[in-house]
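There is one chain below, alone, in structure tokens, taken in the form predicted alone.
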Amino acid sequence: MKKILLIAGTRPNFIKLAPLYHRIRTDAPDINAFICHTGQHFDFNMSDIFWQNLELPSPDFQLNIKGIGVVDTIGKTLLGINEIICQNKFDLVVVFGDVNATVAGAIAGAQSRIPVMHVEAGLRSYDRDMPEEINRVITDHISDFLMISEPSGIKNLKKEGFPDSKVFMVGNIMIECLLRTKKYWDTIELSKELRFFIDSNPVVATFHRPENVDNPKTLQRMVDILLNFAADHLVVFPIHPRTKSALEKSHLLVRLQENAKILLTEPLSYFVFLKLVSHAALVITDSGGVQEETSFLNIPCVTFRRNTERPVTVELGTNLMMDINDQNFRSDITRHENDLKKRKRMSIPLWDEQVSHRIVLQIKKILSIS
């Protein structure tokens, strides 16, 4: 039996890991896949409930990392993963996305001379103020096999001098997870309050990026935008722990709590969030994955960030990039929504249910499994 280590630290990691884990179980009986959960998201709705939704077993390795800042988190995670690797003989390490667990897992694997595969490689925002961008670049440059989710990944890696032999266009595994679980999230029961908001096709908001929530001015601006939409829409705002803390410290949370047209919730489970987004009139966000989910579901999305590492969501999807300080944001968003209504829906190549199949074929070649 060949042994591979799948490393996950946050909600997006779990969503990408699940289809690959299940595909290995069904299509590659000669491979034993072990799951390492670094614990970067320790809030129940941000981690454990996702594992239940995605029918994943308990992790083989649970690190429960709680670092103070990016460097501390990466350091502690690296030490934890290194200990696991030293005690087990793995033939391949697989990391996902761009979080701290990703770069820590890649470094641990590379320094132990174990081949490393990066799923969702090649994405670039070219903004080094984003910790995720630094994680992406480091991970790609020390990985042996790069699985690409969208065409920009190929272009970026060619520009950086990567040989074609390391780069494989496989598609977006997050979309495979969305498709494979649709029968569950489409029919999930909701609370009475959330059902009322969903029936009204609300504006859905998610914000957690430091550039928006760690800066008092942009945090105030975010609140003003939500209140502006609440003047003529119902708004659902699942609050990330980081964002909630910032709002409480700045005494802005009460302004949102006092508005009856804004529903504030804890972080939602994967299934509930997908159902919510699928019924939204509009999604406003600073997330990476939400740009992809809305594009696939054909829901108008506005991303309040300076840049995106997922340009296909703008080129072929439903995403509009916007500066959070744009004074004409409502008219610009209305124009975006009208343009989408006139446009024929565009399909994004390889965003389907066969992404994990394409990855497993590469894993079998790497491990010399017929």
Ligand code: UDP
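If you're wondering where the values come from, they're calculated on a predicted model, not measured in any experiment. The first residue of the shown sequence is 1; numbering continues from there.
A second form of this protein, the form predicted together with the ligand, is not displayed here; the remarks below concern that form.
Screening 101 to 109, 201 to 209, 152 to 160, 182 to 190 for residues having heavy atoms within 4.5 Å of the ligand in the model of the complex returns a single hit, 201 to 209.
Checking 235, 174, 93, 146 against the ligand in the model of the complex, a heavy atom within 4.5 Å turns up for just one residue: 174.
Of the candidates 267, 115, 80, 300, 267 is the one whose heavy atoms come within 4.5 Å of the ligand in the model of the complex; the others do not. Contact between residue 287 and the ligand in the model of the complex is found at the 4.5 Å heavy atom cutoff. Remark: residue 197 does not count among the residues lining the ligand in the model of the complex, judged by a heavy atom distance of 4.5 Å or less. Though the partner is left out of this view, residue 358 does not reach within 4.5 Å of the ligand in the model of the complex, counting heavy atoms only. When contacts are judged by a 4.5 Å heavy atom cut-off, residue 293 counts as touching the ligand in the model of the complex. Although the ligand is not shown here, in the model of the complex the stretch 1 to 23 places heavy atoms of 11, 12, 15 within 4.5 Å of it, in sequence order.
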